[in-house]
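Here you get one chain, nothing else, as structure tokens; it is the form predicted alone.
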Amino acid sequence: MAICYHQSSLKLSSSYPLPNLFIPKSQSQTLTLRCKNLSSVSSSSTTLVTEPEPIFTSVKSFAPATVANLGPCFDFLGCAVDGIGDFVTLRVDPQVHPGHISISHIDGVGDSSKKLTKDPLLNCAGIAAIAVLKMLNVRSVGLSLSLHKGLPLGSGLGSSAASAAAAAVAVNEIFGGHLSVSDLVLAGLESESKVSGYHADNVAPAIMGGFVLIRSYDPLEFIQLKFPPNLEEKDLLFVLVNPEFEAPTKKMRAALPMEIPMRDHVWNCSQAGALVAAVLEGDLKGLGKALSSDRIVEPRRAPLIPGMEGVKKAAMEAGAFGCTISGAGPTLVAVTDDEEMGREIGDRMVEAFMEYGNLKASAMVKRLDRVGARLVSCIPG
């Protein structure tokens, strides 16, 4: 195994407009999160002895949505989804007490601005930002943070993890990118543990991109799984169908069984192994079959999502390779390799949510995000 490392230069994403920030060509950089072969990371975090100076006066970061659990892989496997996620804008602010974070603004989808607190000690972005400040030993600079939620709360798409990942990357990069990927994951995990539970299968792929398997939590070790790109001209597509229904992670975790029959344990282990093999081989049908086969978590959570069983059946009948709950739900995720079919699958799932659960829902077809959290703009210091 090899240690996962953070390449120092950051590439500014061209996927997002930069209307208000002037970036000279010489300052255009790139955030690259790389791993050599497999990534094994210890839970010990970095703490800098010398306080770094900010190299930017302002940065804007993005972190993608994630699909965690992936059926039988509860709390130990997740992947990042392209095109949707959260943004954090961070700036050096002389009005903020040195060494502190102030959350100045929250907006975005739904009622995020009303439901999320601006107290940095209780907000997932604030908690992760403070954790990074401590690792960097920053004591003489105050920062103001603005959060734009692109992900609905309680959706099962890693909303809290995206905010934490974007904030962690923003703070690290405004001071020159001294921390490693493992440090950033630990900062995000500190946030997750306070708002939704001690699990890294959302925040690790949100930071690293792609598929990430959590091998151990004590100490924290994770492995990045490389999904082959454009295998035989086919691509992995996620059909994400989100009903107008909130499923708080803590409530969904409370539904889990306290004891598991040995036969179900053996079954889920075999399906999880099959799913990992399918990811590494680019076997989309095998991936779909495995993620549809959970016998432990999905059966307990399905009754809490109105119409879920009917929606899953509709997805499979429409041609999906597999379908399960995304994270803690209520979003359902189906897998296919054809965009037009993906839209058809999404339409059938939306109809089924109304028919079986009396819930309005929206569908989108997304690809795998292979990059993870990154800067999208910056203003030099």
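In this text, residue numbers run from 1 along the sequence as written. All values reported here derive from a predicted model rather than from experimental measurement.
Absent from the display: the form predicted together with a further copy of the same chain. The rest refers to it.
The three marked residues, Gly210, Phe238 and Pro243, fail to reach a further copy of the same chain in the model of the complex, with no heavy atom of any inside 4.5 Å. Of the heavy atoms in Arg91, none are within 4.5 Å of a further copy of the same chain in the model of the complex.
In the model of the complex, a further copy of the same chain stays beyond 4.5 Å of every heavy atom belonging to Lys194. When contacts are judged by a 4.5 Å heavy atom cut-off, Ser270 counts as touching a further copy of the same chain in the model of the complex. Within 4.5 Å of any heavy atom of a further copy of the same chain in the model of the complex lies no heavy atom of Asp111. Residue Gly286 is the only one of Pro120, Gly99, Gly286, Gly150 with a heavy atom lying within 4.5 Å of a further copy of the same chain in the model of the complex.
The listed set Pro261, Pro229, Gly83, Gly176 contains one residue whose heavy atoms approach a further copy of the same chain in the model of the complex to within 4.5 Å, identified as Pro261. Stretch-level contact check against a further copy of the same chain in the model of the complex with heavy atoms at 4.5 Å: of 131 to 139, 276 to 284, 159 to 167, 307 to 315, the positive one is 276 to 284. In the model of the complex, a further copy of the same chain lies within 4.5 angstroms of at least one heavy atom of each of the following residues of 68 to 86: Pro72, Phe74, Asp75, Phe76, in sequence order.
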